[in-house]
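Only one chain is included here, represented as structure tokens and corresponding to the form predicted on its own.
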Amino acid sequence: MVTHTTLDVKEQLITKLENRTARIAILGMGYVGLPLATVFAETGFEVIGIDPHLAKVEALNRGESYIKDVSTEQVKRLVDAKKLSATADFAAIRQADAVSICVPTPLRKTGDPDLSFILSAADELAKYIHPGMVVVLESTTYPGTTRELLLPKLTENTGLEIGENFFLAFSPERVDPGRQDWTTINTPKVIGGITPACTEVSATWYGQALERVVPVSSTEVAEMTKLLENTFRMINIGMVNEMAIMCDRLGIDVWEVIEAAGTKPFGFMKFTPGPGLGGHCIPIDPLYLSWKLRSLNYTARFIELASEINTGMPRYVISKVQDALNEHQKALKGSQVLVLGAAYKPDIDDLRESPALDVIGLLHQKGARVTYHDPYIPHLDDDGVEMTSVPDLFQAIRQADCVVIITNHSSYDYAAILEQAQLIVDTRNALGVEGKNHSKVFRL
């Protein structure tokens, strides 16, 4: 039975959220946390970002952005207006009424979920949590994490009672770096609480700044929603990647097939093949689900198969490079290979899980002399390999025995690249019809 005191705590918090006097803390100021912080700050909330990386904290407090989707002008304006600040001191949580956890959730080398960032954030949060606070986890994870891991950490030895004087929910982030049409503010926001009161408070909070909030019945439903979204993409990309391999065996142009199939106005959604999966979600999130299901003695067969196909694509690209060089009477070992594009998708500076890293690593293993160019990523350091983007793109193109297009940035002059390169392996159909049936172009 709900007590008068419970109603007071909930209604007081809702009132503070609705009149925007609630103070907000964002744990983790990366690709998810910083855009979310600016959206809340723009609405009138006072937001403090908490991150252990001092370089980020210092940049934000100077009014500088380090994320392409958030402008320095916006950050400076919000900092100057005292609506946005940053600190590495988790004790700032004491002053917060609402806390959003936006920390990374990578995979370990063994393929198991690495929840260390969530657990670390929860440990810090538990030190300073207080009655009348709402906490929302945004970091992608497997169903059950919010209830089974986060809730005990925030209630044990704190005297807090869930749904009464403290509220906890899960709301999956839906950030797609580089997009201008769908952003944090207008992408529908799914929210599921531990209790109905938790959902109500959390939805009220996010509803002050975002255009549409979609409440669901539980944290598990919200967690599973995110995994369904990204598993759908992962499996369909795996299917079309295998389609590319099959079309290659059959001597059929997979790109023409995809374009033709895309003319169907119903029952088909266009996906395109590529050199592998990249980004902070699609290569990782479905494996959280398959890991969870293994603990229940169930094999997520679609996920496992799609992962096998997608993770094999960088090696398939290497085989195409070898075949292309062989046609020109050259061996891969000792050849100069230029990789175009290192980011995981076009026109962004995000290197996370990029297939370019695997392609570069495999080329090194095969004895190629590898260079790369990316207008958005001047340096890369992966698995002990440090490289710098070539300063003169077209000089590097002319010197290369083979150019491998991994990321189809729109800033590249593909007609000039086609003209000056000796040999091109195009994994993204960046050259389009100009590359089709061209003697020095090999397509995926």
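In this text, all values refer to a predicted model and were calculated from it rather than measured experimentally. Heads up: residue numbers just count along the shown sequence, starting at 1.
The protein also exists as the form predicted in complex with a small molecule; that form is not presented, and the subsequent description refers to it.
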| query | finding |
| --- | --- |
| Partner proximity in the model of the complex: Ile237 to the small molecule, non-hydrogen atom cutoff 4.5 Å | yes |
| 4.5 Å heavy atom contact, His364 to the small molecule in the model of the complex | no |
| Close approach of Tyr344 to the small molecule in the model of the complex, 4.5 Å, heavy atom | yes |
| Lys226: touches the small molecule in the model of the complex, heavy atom cutoff 4.5 angstroms | yes |
| Partner-proximal stretch of 321-329, 168-176, 205-213, 334-342 relative to the small molecule in the model of the complex, 4.5 angstroms, heavy atom | 168-176 |
| Single option in Val359, Leu137, Val201, Leu277 placed near the small molecule in the model of the complex, where near means a heavy atom within 4.5 Å | Leu277 |
| In the model of the complex, the residue from Arg369, Arg77, Arg233, Arg147 that sits within 4.5 Å of the small molecule by heavy atoms | Arg233 |
